[in-house]
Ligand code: NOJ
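We begin with a single chain expressed as structure tokens, specifically the form predicted on its own.
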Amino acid sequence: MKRTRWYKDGVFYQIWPRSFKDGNGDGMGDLYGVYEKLDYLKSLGVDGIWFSPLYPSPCADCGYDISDYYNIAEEFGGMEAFRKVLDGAHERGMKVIMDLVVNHTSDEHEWFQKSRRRIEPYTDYYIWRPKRPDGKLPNNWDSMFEGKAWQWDDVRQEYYLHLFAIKQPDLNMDNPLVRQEVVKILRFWLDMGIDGFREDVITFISKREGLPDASIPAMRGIFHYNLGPRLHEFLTQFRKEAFSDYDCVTIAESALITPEKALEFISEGEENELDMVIQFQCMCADCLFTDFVPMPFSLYRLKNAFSSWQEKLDGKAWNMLYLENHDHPRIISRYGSEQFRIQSGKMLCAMYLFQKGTPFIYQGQEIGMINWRAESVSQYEDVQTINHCPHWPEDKRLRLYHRASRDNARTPVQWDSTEHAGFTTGTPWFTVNPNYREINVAAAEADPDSLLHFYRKAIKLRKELSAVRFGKYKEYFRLSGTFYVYAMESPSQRVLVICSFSSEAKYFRAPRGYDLAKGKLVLSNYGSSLRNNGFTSMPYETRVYVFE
């Protein structure tokens, strides 16, 4: 089938189902709630929805531990509700992509239960190793979430590998039967009519032959088991045996990947293995590799990340753009300012929405939701959070979790100022951020100067400006510690984006070749005054000029 690459013209919205909207009053977000809000999503101007996992799961990792790949969890409404949402989205011209989680399953999946009992053909569906004579674990790898990467199974009398939670055993992708299972899963959902997949930690699915020890302690985790030796082979098989028959999109979550390495997977052509990658470099401007190793925010690191991907993929591959998702704390609390929440939220919106690529907006981002500050460690739900530094004093853990926990992005969406933020008429499954009376969709709808309306205008402008889609990215003032300034330039149009990351007033002068008085100011979060081809930038000011 000819692939149209329709995703290049779209803007997507990510839904983390259990916290989006509860439609049946049981306290859990569901597909009934999603259906209620389809017109809201359409009003934003988005062209597609990415659903985090909706499959049946015991929820050791909030749905990323799947127990049945061919169904929709009953708490979300089951398959009937999903078909209704899928049809409703398509009727409104919106695509639907789902999460594909095949590095691991739940330990409650039928495959694992049969594998641990050595029932054929499932015996080698997972990665098992016997006890070593010296009593040590099969190797020295660490898991991402829970201690070492090996767990003893009393039924099979062997260890199984889990790169994430103990209840998330890794599949043995070297087994061709497992890969055929993946192909069947892909085709099942694509035949139903979904439009593609976001592929969870897909660069982990190939393990090093022999599973050797990591020689450097710091390399016992992600550095050691990422980008394995047969990864290209596996992804090529999935493309040829599944994706090539559908006009769909594939987006790979890929930690620690560089633009140069990404091009090995996403360089455009009929045989490319993937369409886009979710890179983590843009999320490392205030941390070292992971949110749990915080550092002071560096505008230089942020600019370097975005510019590197824009420049190195230009004309060769397509970018995926984002600032928030379910795996990271809220962006205003990280890169912006809670004191200047609306102003910095608008600036961050403009900062990434006018770059070349396909933007994703995460639920609540469009109204400026910020980090939640739990009063006790016991309030956290996320497996990664509660297993991080468990022996630290509670006050120290809380300070870190307030900044770094994924649960910051998983509090229920704040729809209005009524009880439980209008998320549910029941008891919410998780804490609602107490600031919901001020920060909610209803209040934003009523305020013409709100962040929500700014997002709507920015998305509409993005689609109207041809230089954003077809122009060439150029950054100005790279060494500035205050301003991020870039342009999308084409022969017929230039779009200049100016973003201040300062809480203080700073004078800005336009880069050489740009006369602001001759440009059209199409988007701003303050005013339009000019002085000597520049202006005194207010806290977190942003301006977008168009020159034609």
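Residue numbers here begin at 1 and follow the sequence given. Model, not experiment: these values are computed from the prediction.
The protein also exists as the form predicted together with this ligand; that form is not presented, and the subsequent description refers to it.
The stretch in contact with this ligand in the predicted bound form, judged by heavy atoms within 4.5 Å, is 162 to 170, chosen from 335 to 343, 162 to 170, 132 to 140, 452 to 460. Distance criterion of 4.5 Å from any heavy atom to this ligand in the predicted bound form singles out 327 from the list 273, 146, 327, 107. Proximity to this ligand in the predicted bound form, defined as a heavy atom within 4.5 Å, holds among 367, 299, 467, 201 only for 201.
Although the partner is absent from this view, residue 253 contacts this ligand in the predicted bound form, with a non-hydrogen atom inside 4.5 angstroms.
This ligand in the predicted bound form comes within 4.5 Å of no heavy atom belonging to residue 47. This ligand in the predicted bound form comes within 4.5 Å of a heavy atom belonging to residue 64. Looking at residue 207, you'd find every heavy atom of it more than 4.5 angstroms from this ligand in the predicted bound form. Residues of 395 to 411 that come within 4.5 Å of this ligand in the predicted bound form, judged by any heavy atom, are 406, 410 in sequence order.
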